[in-house]
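Single chain ahead, written as structure tokens, the form predicted on its own.
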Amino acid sequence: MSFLELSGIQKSFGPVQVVHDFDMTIEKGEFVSFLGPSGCGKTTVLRMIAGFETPSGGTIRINGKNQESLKPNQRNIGMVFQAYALFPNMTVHDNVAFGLKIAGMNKAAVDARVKEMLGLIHLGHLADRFPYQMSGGQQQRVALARALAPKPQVLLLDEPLSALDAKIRVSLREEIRMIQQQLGITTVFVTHDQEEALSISDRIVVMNSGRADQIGTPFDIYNKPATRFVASFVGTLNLIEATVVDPASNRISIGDQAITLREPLGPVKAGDTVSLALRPEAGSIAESAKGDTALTGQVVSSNFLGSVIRTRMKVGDPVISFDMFNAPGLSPPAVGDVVTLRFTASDLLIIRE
């Protein structure tokens, strides 16, 4: 039996339904990220798990026990918010100890648990400081320690890194993942940042307009997008409109160039339009590049992005982007050059929804 189960969850605010029949099962110790743009319903689902919002329909079970009738403080859930939510008039020690004192633990047990938690986040030396004396990253670590101190069944994190600068975000997300694995706590992480979700999750739920468009491992979400929305939202992607030439042999044309797909075209006929997805890193213009498929086009732009150079070429009407790793002595193609992009046919995915 799954540890956290969401069955047919719905949520409406007045006439507006923001979550539609959401189903999800999460195993004990699993790290699951809800990924999607603002307004997609991911935080609303998180708040329903926490008990801050009441579902309009459906059931929530933790370890087999229904949660709908329980108040937030009865659910044994730890939550970390985007805005830290530390008590400004309390020291780091007292912030972490707050939930333990409310639970009625004696002072010796509280002090021992606080020391353990501050050791876990490597801030034991700052136990007597107040929040205003700490950086944003340190405050978020304290918020994490406070959420974990009462030994919750489930840890919920609502975009906890969005207020931090880029380098701190990377180090703190790695620390969160390490702590989660060390404790083996079931965790739900809400983010709109695809890199965060891809880098630390066991599974990702890509949400769109209150629904789960796709649930899968980071590898599957990135490499096998199930819908047009997932394909366009996760990572950088070429979405290419192609014309069916011969459905029986999976033959299509991009611009005026015909190629054969590995994936069956399905119920289409000659002349129909199909949508294809191709990652910019899938191909190469090097003459030594291996691949059973090629497209030739004229370069229309080339942009330096640090580790890669992203070049766009026109293949008839479609414009296709491809990436080259930046290296000393590399000469990227110039605007107007004619280049041939080589890749394997299996890199072209058919987007059916």
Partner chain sequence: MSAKQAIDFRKTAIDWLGILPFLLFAVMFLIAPTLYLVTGAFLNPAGEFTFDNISGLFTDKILASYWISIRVSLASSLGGAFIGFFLAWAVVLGGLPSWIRSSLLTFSGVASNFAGVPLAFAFLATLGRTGLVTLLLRDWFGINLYATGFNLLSFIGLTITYMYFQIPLMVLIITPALDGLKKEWREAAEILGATNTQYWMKVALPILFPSILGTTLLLFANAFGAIATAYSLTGSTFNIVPIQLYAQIRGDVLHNPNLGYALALGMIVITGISNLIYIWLRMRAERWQK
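What you see is a predicted model, and the numbers here were worked out from it, not measured in a lab. Residue numbers count along the first chain shown, from 1.
What follows is about the form predicted together with its partner chain, which we do not show.
Can you pick the one in 50, 320, 26, 62 that has a heavy atom within 4.5 Å of its partner chain in the predicted bound form?
-> Here the answer is residue option 50.
Single option in 178, 85, 245, 168 placed near its partner chain in the predicted bound form, where near means a heavy atom within 4.5 Å | Selected residue: 85.
Any non-hydrogen atom of residue 137 within 4.5 angstroms of its partner chain in the predicted bound form | Because no heavy atom of residue 137 falls inside 4.5 Å of its partner chain in the predicted bound form, the answer is no.
Tell me, yes or no, whether residue 117 is in contact with its partner chain in the predicted bound form, where a contact means a heavy atom of each within 4.5 Å.
-> Residue-level check for residue 117: no, no contact with its partner chain.
Partner proximity in the predicted bound form: residue 146 to its partner chain, non-hydrogen atom cutoff 4.5 Å | Yes, residue 146 sits close enough to its partner chain in the predicted bound form that at least one of its heavy atoms falls within 4.5 Å.
Report whether the minimum heavy atom distance between residue 72 and its partner chain in the predicted bound form is within 4.5 Å.
-> Result yes; residue 72 sits at the interface with its partner chain in the predicted bound form.
Choose one stretch from 280-288, 309-317, 296-304, 50-58: the one whose residues place a heavy atom within 4.5 angstroms of its partner chain in the predicted bound form.
-> It is 50-58 that comes within 4.5 Å of the partner.
Is its partner chain close enough to 226, 264 and 268 in the predicted bound form that each of the three has a heavy atom within 4.5 Å of it?
-> No: no residue has a heavy atom within 4.5 Å of the partner.
Counting only heavy atoms, which residues in 313-334 are within 4.5 Å of its partner chain in the predicted bound form?
-> The stretch does not touch the partner at all.
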